[in-house]
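We begin with a single chain expressed as structure tokens, specifically the form predicted on its own.
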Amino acid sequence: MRPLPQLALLLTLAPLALAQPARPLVVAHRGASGYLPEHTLAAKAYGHALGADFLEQDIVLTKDDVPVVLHDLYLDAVTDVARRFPGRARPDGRYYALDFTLAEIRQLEVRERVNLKNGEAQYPARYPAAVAPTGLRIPTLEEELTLIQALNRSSGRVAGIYPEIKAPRWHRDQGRDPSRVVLPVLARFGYADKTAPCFLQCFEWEEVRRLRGELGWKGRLVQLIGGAGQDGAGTDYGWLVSEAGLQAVAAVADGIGPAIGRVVTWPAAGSPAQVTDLVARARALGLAVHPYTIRRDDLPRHCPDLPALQAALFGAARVDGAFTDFPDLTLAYLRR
């Protein structure tokens, strides 16, 4: 699949999308995932229509090395894989995307995320999990980029992309290298340098350094930062938010994507929001700050409501942008 011929238009408009915005950036987290099953083309099209500045892509590989847009390494929480391919789980009981070819993954139907412990919807008030069939599928990265560029052309409004390399250390332990697969796809679609409307993100510090160094990524790069401790690849998030860690990040990356709890917390019910100094320290080093994730149905502990969360992030902490499952609600707040 090749990029659409409007690429020249996209690149002409891209600097406008990346100029210092009049307001913080709104990133549609897994698309408009508060309204439609996450990471489907329908969720991305709706996120675009709602006016999101950027649309997020989590990327994993299939058995035949095709990059697909899927949040987990596993298929079972958001598809009917267990019914269609019984017996294909690994010993841990999970169905890994890496064990299925693209042709097999195309047979799966995407549904709203379920909690595998009880089989119930993760977010009960969202798109009904019982609706069947949905007709929604897991898209390839190329299919999604084609859709976004087509919508940019037809709407005259450039929405950027915000891809994440998922679990690169795990993939390499399996003999695969998602970063080496993904970067040429991004380049082919015109997302190759800092003039393009693209932020590439990853949780693993070693991979962020590798992307900039060994793999020669010239575009915007964001270090994601978890809420506590270390990840399975050995990234020490506590160190990353220290002064030494932020300085190291600033030497290779353009921004950080911290969990909301690293930016603002509510110590107790009824207490005012407490803003940390992370945003100020990061911005002093030239790093943009895009925390994750605003959800009206999954607020931080003790946060009273969605307006309070958005006021704390955009008003008190003054973040540069944020990931949100509800891009329309976040945009409405910012426009006020």
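Position 1 is the first residue in the sequence shown; the rest follow in order. Predicted, not measured: the structure shown is a model, and the values here were computed from it.
A second form of this protein, the form predicted together with a small molecule, is not displayed here; the remarks below concern that form.
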Quiz item: Does residue 149 reach the small molecule in the predicted complex, with heavy atoms at most 4.5 Å apart?
Solution: no
Quiz item: Is there a non-hydrogen atom of residue 44 within 4.5 angstroms of a non-hydrogen atom of the small molecule in the predicted complex?
Solution: no
Quiz prompt | Contact label in the predicted complex: residue 53 to the small molecule, heavy atom within 4.5 Å | solution = no
Practice problem: Please check if residue 224 has a heavy atom lying within 4.5 Å of any heavy atom of the small molecule in the predicted complex. | Solution: yes
Self-check item: Listed residue (137, 71, 176, 262) with a non-hydrogen atom within 4.5 angstroms of the small molecule in the predicted complex
Solution: 71
Quiz item: Counting only heavy atoms and a 4.5 Å cut-off, does the small molecule in the predicted complex sit next to every one of 30, 292 and 323?
Solution: yes
Quiz prompt | Candidate stretches 159-167, 205-213, 80-88, 245-253, one within 4.5 Å of the small molecule in the predicted complex by heavy atom | solution = 159-167
Self-check item: Note on residue 209-residue 230 C-alpha separation in the predicted complex, which departs from the shown form by 3 angstroms or more
Solution: farther
